[in-house]
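Next up: just one chain, as structure tokens, the form predicted on its own.
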């Protein structure tokens, strides 16, 4: 699929975004700094960067995203280089290109490059973080009943290793009545003197609820102000369903540790992810998988010297042989978003979700689950169809060419997740399909 003239109408040509790490390699320079405000995007040109099946309305960025043209180009170029001279290209470029990937993710998250670790997924990142926590027997981890399996199971494994306990609370009783003060109040009132970690999810994949992280972190700062450093509460966040569709960084959110995959809303290379942490977050963690890249541990091992004691993003990046062409292509995804404009990406996602939620809310036989308030929702839109199970509704929608999904929770909902891959016309097509199955 070639770039048409519309591709040049929102800032620099998107062709310039293709394989930015290769351009950096040629110039032997670190990644560029973030650009200034972008002109209004041509959304048809953005959509044209994705190769999605024309017979489907695919609203599942929350599961696994299609690669836009710049990301495909970067992966393809790196793959060709590895196929042509695998050993020498890897030896000559891996450390530097992984450094560019960390730097690009760090720029996006508003932290330093050494504060970012590269992983394979959100699941790997959560497991590395929770298994690496420096917890003491009797310490408590506080989470919620609404958090996902990956958080709960990673915490269970961590507690079994170190003798910590886990406590779950409900953020709300009725999502239709949920509010920011309610969620903040419940979390703060549940913290005990033994609580050392608050494990939360930014945007819930079941209901689409976006929790008020800035307000939670501000309230938690007040709790920590009255504690000794060793007893302070660490805020750890699974941020994958806000990463790439919200205009926020680590400082804005206020969390200590942030975990996400790159292959969803960021439209980054499949099989890649990040952990970002501030100084407090890294001080609370130990690495689990040996790092191969500039960590200091390898050279210390070779020279029989002292091994690093303090963790950082480089030391926490798992080593081993991986799909390097995907890891190295992360800057192309970040550059793609920055060329469009992060605020524009967030607003576009919200506009499409607003359109979808407004249509579903007025539809007979349909119950909208996700809050309509933008402050309490992001791109995920969850709903129920009367007379159909969530799986049954998903099957019925797919028969009409609309790709929805069912939330893998005890209580399931149907999910549609409009994103940069989609258009208002596709949202209308999805609404028409829901209306049809609701009438059946």
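None of these values were measured; they are calculated from a predicted model. Residue numbers count along the first chain shown, from 1.
This protein has a second form, the form predicted together with a small molecule, left out of what is shown; the following refers to that one.
The stretch that touches the small molecule in the model of the complex, counting heavy atoms within 4.5 Å, is 234-242, out of 69-77, 277-285, 340-348, 234-242.
62 is the sole member of 62, 404, 378, 385 with a non-hydrogen atom lying within 4.5 angstroms of the small molecule in the model of the complex. For the candidate set 131, 123, 93, 355, a heavy atom within 4.5 Å of the small molecule in the model of the complex is found for exactly one residue, namely 123. When the small molecule is considered in the model of the complex, residue 261 lines it closely, a heavy atom lying within 4.5 Å. Although the partner is absent here, residue 201 sits close enough that one of its heavy atoms falls within 4.5 Å of the small molecule in the model of the complex. The small molecule is not shown here, but in the model of the complex it comes within 4.5 Å of a heavy atom of residue 205.
Of the heavy atoms in residue 150, some are within 4.5 Å of the small molecule in the model of the complex.
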